[in-house]
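One chain is shown next in structure tokens, namely the form predicted on its own.
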């Protein structure tokens, strides 16, 4: 492969000046690889010739890598040398753990998938939006099962009201038109990831976007009619090419999503509250009972929904409770839960 062809291939994978600028002078003989699969004992990357298994030194822990990461490797042995800094990273903290669990890296757009039925939950969608905002990715709400109801406009309107400037798309994930509806975010070199609860059609969308054959397709599961909940069918993360030139990362369904380390993401999500806060009489106003509270005044005037304020307070409290703080002497700090 010529140098220009190699450059074009890397660009099609999402390589940019952000990553190229991190290569040190003594690393010019190394080759960039993008992580396509992460397993407990192995990593695979994408090369122009197809998938390649990366060699791992004993000190490397695969849990420190995410699908979508860029790494530098030895061109002869495929030994992984080091990971490059991420432009964006999706991660979450599971209950009882102080370490963040990596979901995907260098994602341009996060498709937050829910369905036009009982699965639709503004509170849950706000959690995913806070995650996307904190990660630095562009969130898009994707409403599946739109073909099962007469009119999806009510769902679309409620979803758009969750965050300023939020894009919302309603579709039938099994339809050939689904890929076309998501084309604006799936161009050459663009990377998208899908999150959402189980059974909402994430794997179906991945199969549609990637054009996977029956043998290679992600397994899909049915939704129970009683509560619109489904079984988890995706158990690992992987990177797939999209026909339009982009890349899609599937992620397992999340039974629970604990908000933590997401203060900035919450501020972006609830920007109407963030904008009002400086107008309060007291700088440390909790927007609960204080006189001269601009936020409470907006609720009274009907320009701010009281339920929205209640969900903001709940997410904020959960974020404080779940985000560990570093304590102890310098060089020997430990993580502890925040205390009220």
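Being a predicted model, the structure only gives us computed values, none of them experimental. Numbering follows the first chain given and starts at 1.
One more form of this protein exists, namely the form predicted in complex with a small molecule; it is left out here, but the text below deals with it.
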May I ask you to state whether residue 172 is within 4.5 Å of the small molecule in the predicted bound form, using heavy atom distances?
yes
Does the small molecule get within 4.5 angstroms of any non-hydrogen atom of residue 199 in the predicted bound form?
yes
Residue-level contact is defined here as any heavy atom of the residue lying within 4.5 Å of the small molecule in the predicted bound form; does residue 163 satisfy this criterion?
no
Please tell me whether any heavy atom belonging to residue 238 falls inside 4.5 Å of a heavy atom of the small molecule, as the geometry stands in the predicted bound form.
no
Contact segment among 257-265, 152-160, 241-249, 137-145, judged by heavy atoms lying within 4.5 Å of the small molecule in the predicted bound form:
137-145
Which listed residue (204, 133, 109, 91) meets the criterion of a heavy atom within 4.5 Å of the small molecule in the predicted bound form?
204
